[in-house]
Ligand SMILES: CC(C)(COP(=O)(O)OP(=O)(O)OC[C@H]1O[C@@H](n2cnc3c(N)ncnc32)[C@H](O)[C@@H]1OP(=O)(O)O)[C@@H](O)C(=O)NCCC(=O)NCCS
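Just one chain is shown here, as structure tokens, and it is the form predicted on its own.
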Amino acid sequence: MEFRKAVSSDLERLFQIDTIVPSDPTRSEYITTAVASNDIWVCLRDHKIVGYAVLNHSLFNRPTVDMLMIAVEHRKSGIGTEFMKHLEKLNDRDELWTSTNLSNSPMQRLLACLDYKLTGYVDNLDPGDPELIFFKKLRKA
């Protein structure tokens, strides 16, 4: 696996990977803005983009994995775990935050395996599907 910052020529592939893009036109705008802001990392396997992650300071100015998206055909292959470990290393502080919906049990399992702790939730972002907020204290050298 290889990780690098996304560039504008990656946009079409990022739109293809993201399962929300077909049903939410604002998602492609979000991805485009994140690429322009230099906030998206991509994961490549065999020189092909198989996932992306947005790393920024969107949650109370704290280092936050705002989005982790792995191509459907590459899920459950360890890419998400390795991607999160990579983002932890890039982080500019000794903490990392992220969130996921209550309905996203695969992401919750991934976070539990990496020792992220549930620290709260937010109702009313997605009706009937609270956003769970997770935190990990990193051990920096």
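For clarity, every value in this text was computed on a predicted model and none was experimentally measured. Each residue number is its position in the shown sequence, starting from 1.
Missing here is the form predicted in complex with the named molecule; even so, the following discussion is about that form.
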Counting non-hydrogen atoms within 4.5 angstroms of the named molecule in the predicted bound form, say which of R109, K48, R93, K85 makes the cut. R109
Residue contact check: R75 to the named molecule in the predicted bound form, 4.5 Å heavy atom: yes
Can you check whether I79 is within 4.5 Å of the named molecule in the predicted bound form, heavy atom basis? yes
According to a 4.5 angstroms non-hydrogen atom cut-off, is V42 in contact with the named molecule in the predicted bound form? no
In the predicted bound form, is there a heavy atom of the named molecule that lies within 4.5 Å of any heavy atom of N104, even though the partner is absent here? yes
